[in-house]
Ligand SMILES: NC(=O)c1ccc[n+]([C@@H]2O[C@H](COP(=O)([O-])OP(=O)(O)OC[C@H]3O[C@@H](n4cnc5c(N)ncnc54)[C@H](OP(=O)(O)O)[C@@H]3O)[C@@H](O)[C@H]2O)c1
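Let's start with one chain on its own, the form predicted alone, as structure tokens.
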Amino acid sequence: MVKFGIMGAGKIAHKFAQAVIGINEYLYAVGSRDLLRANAFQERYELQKAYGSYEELLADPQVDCIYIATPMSEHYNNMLACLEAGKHILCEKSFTVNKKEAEHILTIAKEKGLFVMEAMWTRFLPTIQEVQKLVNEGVIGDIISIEAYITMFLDFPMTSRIYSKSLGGGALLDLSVYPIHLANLFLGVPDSFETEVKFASTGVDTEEKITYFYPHSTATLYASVIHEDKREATIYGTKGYVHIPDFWSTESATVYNNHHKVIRQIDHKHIVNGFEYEIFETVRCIKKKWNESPVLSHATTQEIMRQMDAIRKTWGLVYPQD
């Protein structure tokens, strides 16, 4: 049994806790910089341990794997501490704020023989995996284009993390990472790209359109933290297309032919909330003593970070960690 510890006790940590418990895996401990918050989290989920510092959590020899649920700007240092303590890692997306940090973490993990994976839950969803299988089998023919939209109005003050350069703020690392992963999953690494972007007064991106170009196809990717519009993805092929509502968290997809007739309906209701599938994979890999997942490899995580670095470079958006 893999004993999980959670680093951070915010909103996403609760989703992870609910998923671990819902699939009867072992959620052992939580660590927060606020002991009262850790104690409340422990009581809610009936954990064995609650710690008022990350150092105490990492010092517990019973903890096998740490789920990192801290702000993106902290991921690099948090993962360094986990690796130094000999802990396996499942780290929330975006993995780090840049490729340089990601490479360093993954190099150390390999040297130490520890499992590390980015918690990009979308790649592990059964619906996405079935869509991938159908596309690979040629059900919709060759892919002509992908359109993916993730727009969420985040009503936070300008002093919040989402608008802070030092905390890795902006729509790119928070939201665009999802359609970027989707494009890479179905079309691979693009040959080139173009972008349109809007900025907040703090200098971080709030809305963007990213177009990826491939030899025979394109991927048009939209993200926004300042308004809510479409929240879906469509994969267009020479023989038909697939529509995926809320693609990053989806439980369903519909496959159409070129005459807009439904030819396949895909439905996979989450067991808990969708986080369980990346947890299954983490447990599987740790038990097999693998240091990376074949579903989401270290090379893939580094490549996604490289692409986001390149996009930010065209915008002139520089984080202090760069």
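Keep in mind that this is a model prediction, so the values were computed, not measured. The numbering used is simple: start at 1 and walk along the sequence shown.
This next part talks about the form predicted in complex with this ligand, which is not shown.
Checked against this ligand in the predicted bound form, the residues Lys165, Lys209, Lys93, His243 give one hit for a heavy atom within 4.5 Å, which is Lys93. In terms of contact with this ligand in the predicted bound form, the residue from His268, Lys49, Arg264, Arg37 that brings a heavy atom within 4.5 Å is Arg37. Proximity of Tyr277 to this ligand in the predicted bound form falls outside the 4.5 Å heavy atom cutoff.
Taking the partner from the other structure, this ligand in the predicted bound form has no heavy atom within 4.5 Å of any heavy atom of Glu251.
Taking the partner from elsewhere, Ile180 is found to have every heavy atom lying beyond 4.5 Å of this ligand in the predicted bound form. The shortest heavy atom separation between Asp174 and this ligand in the predicted bound form is within 4.5 Å. Looking at 110-118, 69-77, 213-221, 235-243, the stretch with residues near this ligand in the predicted bound form, meaning non-hydrogen atoms within 4.5 angstroms, turns out to be 69-77.
Applying a 4.5 Å heavy atom cutoff to this ligand in the predicted bound form picks out no residue from 129-157.
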